[in-house]
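Encoded as structure tokens, the following chain is the form predicted on its own, with no partner shown.
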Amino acid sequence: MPNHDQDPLIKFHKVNKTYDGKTFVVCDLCLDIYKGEFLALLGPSGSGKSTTLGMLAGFEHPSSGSITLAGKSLQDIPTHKRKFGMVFQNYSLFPHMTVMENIIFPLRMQGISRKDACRLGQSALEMVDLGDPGMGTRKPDQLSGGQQQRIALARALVFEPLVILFDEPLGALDKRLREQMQLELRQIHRRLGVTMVFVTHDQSEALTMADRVAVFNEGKIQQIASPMQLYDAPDTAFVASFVGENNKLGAKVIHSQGNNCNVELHDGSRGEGLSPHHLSPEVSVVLVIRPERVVVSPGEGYRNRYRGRVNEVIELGDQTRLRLDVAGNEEFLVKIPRTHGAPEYRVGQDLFVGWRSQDCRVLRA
């Protein structure tokens, strides 16, 4: 695990990027990346995450601000001298070369002898669990998508880079293989301890692999935290909606003290939750609650307790999903684990739902 008490290995300080002098693709970016960390840059298309990776790699240059590596500016250091490994979505393997030739290509460009390069290349293959005899003589078109992805990773590892940069590397794989590669990448990171920066728009991918996740939107980091912190305690309505499933109920603030916030929902009912920011009375907010934290038929002691009507019942084997009409939200989702003797629900049924105040976030609308 990275040590956040140490100085960061990489530091973005007030970095801006614009192509036309008017619209900022990345705006006032401050970001610390620590040695040995697996950091995911997560966000929708156009949020600035890939541009941030490109500036770190040297493919793009900041319009202003600074990027440093171990305290030294990267401003005038070209891409090939930054000692960063790169893994792309399309693998970028040379089809006319063997697996070994692909892996040792960056070493040969550095003038390393073929004998020494092949020795290092075999070690890299073993790092990604492809050390079987004969693998190095195969061509890329003889490999599966997952094997090609691991060859691309071996090529990035072969020269012992300071950092490995991933630009949506699993996007071309099918769902099963993508999930398998997520776990394999996580295991490789834990085994080697190399710093990894991973760009993705897939929130499950980021939550599965990363030590920390930086959520981007409109060129800015909305929140950077561990996966569970992001899931349990989103700072903004955008983060709450982008990371996992969430129910939202529109409201306005009645009273706020410390982290506790009392609100009035649009239908006149009252609610209570925790807020990461101080909110003044009358401010428009959303009450945010995860579907699995909602309790059906809660006791009278719940501060958040509302009448709902079942609009849809969806059976998914291990769980039942209810789509309800609650406090004006007709798409309110509840996830209920299926257990022996669990009650049956029907469309049109009236019931009560509730949740604990500590499970609920109150965020600016």
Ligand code: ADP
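Residue positions are given as counts along the sequence shown, with the first one as 1. The structure presented is a predicted model; accordingly, all values stated were derived computationally and were not measured.
There is another form of this protein, the form predicted in complex with the named molecule, and it is not shown here; the text below is about that form.
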query: In the model of the complex, the residue from Gly299, Gly328, Pro337, Gly46 that sits within 4.5 Å of the named molecule by heavy atoms; finding: Gly46
query: Position in contact with the named molecule when the complex is considered in the model of the complex, options Val25, Val353, Val15, Ile10, heavy atoms within 4.5 Å; finding: Val25
query: Per-stretch contact check against the named molecule in the model of the complex, the hit in 49 to 57, 64 to 72, 28 to 36, 309 to 317 (non-hydrogen atom, 4.5 angstroms); finding: 49 to 57
